[in-house]
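Just the one chain here, laid out as structure tokens, in the form predicted on its own.
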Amino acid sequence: MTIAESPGAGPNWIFPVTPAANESVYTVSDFQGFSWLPVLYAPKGESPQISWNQSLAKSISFKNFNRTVIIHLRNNYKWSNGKPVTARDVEFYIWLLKAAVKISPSNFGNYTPGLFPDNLSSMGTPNNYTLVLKLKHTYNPNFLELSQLGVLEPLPTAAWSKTSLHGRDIPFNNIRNAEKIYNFLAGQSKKLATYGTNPLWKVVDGPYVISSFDPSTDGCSFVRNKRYTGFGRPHINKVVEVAFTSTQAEFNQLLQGKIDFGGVDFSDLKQVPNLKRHGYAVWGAPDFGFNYVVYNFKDGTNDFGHIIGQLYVRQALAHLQNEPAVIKSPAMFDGAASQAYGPVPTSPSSPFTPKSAAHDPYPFSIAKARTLLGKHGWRKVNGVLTCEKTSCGGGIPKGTKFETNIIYGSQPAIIGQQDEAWASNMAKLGIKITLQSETFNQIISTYSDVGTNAKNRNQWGMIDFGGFTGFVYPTMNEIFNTTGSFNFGGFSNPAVDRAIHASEYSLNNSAVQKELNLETQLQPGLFQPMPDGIAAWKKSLSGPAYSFAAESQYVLEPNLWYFKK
């Protein structure tokens, strides 16, 4: 079976302790996920819940005010080398996480200081299939189950607890050894050209094992793990992920019947009837995430970091985005998107969606944006909006020009189209924007750090790579808290930090909704419409409905599919 990769966003890291600069759904869900399985599998299709049939855990329980977590693993999973998957393999993974973040917080994309694995006081394996975690604090059970524990994956201790390819196993359960093992495995993961041959990556507990990888394109192939013993044993013997340079090139291959499963870009929606005539089914839905433009609050060029640090500026910029028009436009989403004014869009339905999600706090109005900026001392000077008074805000000297750049993802085209429309509205007020396109992988690897010593910190004012997905429990603890691993723009607000803390620790389930309301009001980035994830597959391809719906959440499950004769 052939599957189209998203153009410019192919996988680039195989070791399942994934750095922030490599952590994308295209690497984790649609690449690593073929070979290494999570303890808790979520979501189930497009539903925000744990899929217990697909989970390695058969049950999980909380005791001692949620400070003790007891995970019972299934006993029928085996590694491809024949050894059983045990609780000790999950313990191995946790020690590698501890080592990774000790070396550098950027080594694990889902890391937030103070949370997992920092919040572990102890762990133990009373038997081969039970893992007991003791935590330092009480946590919201939804946050624990749907967020924190969702990162857990067993790794093959007997094959990977070493410091060289042909070296002997060493004990992993001390930080010094764990660091050595982590450095070795991470070093092997950087050697993309060896993915198809390295014996490390042949030891898997998932349905497929990698057989080839082209580092020049990120195209790759997988073969069926003949020793797979878990849920959904594959019918398809080989899966080939095909790399493309553009959405148009990929769609042409669909029309020619050369791709079995692929995405449909919004620019091609009018050709869906034609695609169906060529023997494809087409379906789409939005995912549990959000799309946004990242603001760089640390950018020293033209004092942009200080400018964007002003709430009235972010409010004005939100007023300059015309979401309803962008969604309805036949040249853009053509109706295949949901309105989103904060981290949770109006669709899909979630028990954690705040009531305010359907209401735009800053509706499109160029006049309101002009008034907001004018009240704080901004005037057009020689065609460029310029600070003419001291009321512009702290760190913004009189004479500062409102000009910056937006670096946006080159594929799909809708990203650039939205930013161009927004920049056009900004230009009407004299805000000068330079637009520049780069691939998804280039953006997240180059501009994901705005720390004090970050060499690219002053090279961008805004980036738009798309957004985030997978927020079954939608606290923004990794993105909008001050120390978040995905806080690419350096946003920091004490009230937001406190609200995120409440979403994590409070037993009140409305805490996360209060957090989301606050983030919507403060606009730490420009929230954009939530697009449908649209896929096409040959009608000869079949399987459970939820396995196809999972594609809208950027999760591929080819082990559940088969070709009809």
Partner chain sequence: MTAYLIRRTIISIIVIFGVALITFLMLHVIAPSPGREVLGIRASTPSVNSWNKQHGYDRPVWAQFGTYIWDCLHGNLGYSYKLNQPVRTLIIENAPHSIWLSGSSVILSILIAVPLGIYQAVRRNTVSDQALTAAAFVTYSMPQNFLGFILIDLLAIKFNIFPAEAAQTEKVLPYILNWHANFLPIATLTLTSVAAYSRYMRSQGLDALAQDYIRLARAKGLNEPAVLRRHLLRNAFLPMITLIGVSIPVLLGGNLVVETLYNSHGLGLLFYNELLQYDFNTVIALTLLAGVATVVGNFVADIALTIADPRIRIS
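Bear in mind the structure is a predicted one, so any value in this text is a computation, not a measurement. Here the rigid core means the biggest group of C-alpha atoms that line up within 1.5 Å when the two forms are laid on top of each other. Numbering follows the first chain given and starts at 1.
The form predicted in complex with its partner chain is left out here; the points below concern that form.
Three-residue candidate spot Tyr111, Gln253 and Phe465; every residue lies within 4.5 angstroms of its partner chain in the predicted bound form by at least one non-hydrogen atom. Here the chain stands by itself, but in the predicted bound form one stretch of 360-368, 299-307, 385-393, 210-218, 210-218, has heavy atoms within 4.5 Å of its partner chain. Contact annotation: Ser104 falls within 4.5 Å of its partner chain in the predicted bound form, judged by heavy atom distances.
Interface membership of Thr245, defined by any non-hydrogen atom within 4.5 Å of its partner chain in the predicted bound form, is confirmed.
When contacts are judged by a 4.5 Å heavy atom cut-off, Tyr195 counts as touching its partner chain in the predicted bound form.
With a 4.5 Å cutoff on heavy atoms, Ala249 counts as touching its partner chain in the predicted bound form. Scanning Trp160, Phe440, Tyr228, Tyr341 against its partner chain in the predicted bound form with a 4.5 Å heavy atom cut-off leaves one residue, Phe440.
A heavy atom within 4.5 Å of its partner chain in the predicted bound form is found for exactly one of Lys238, Lys190, Lys428, Arg379: Lys190. Contacts between stretch 65-91 and its partner chain, counted in the predicted bound form as any heavy atom lying within 4.5 Å, involve no residue at all. Asn110: CA moves less than 2 Å between this form and the one not shown after rigid-core fitting. Annotation for Gly206: C-alpha shift under 2 angstroms between this form and the one not shown, rigid core superposed.
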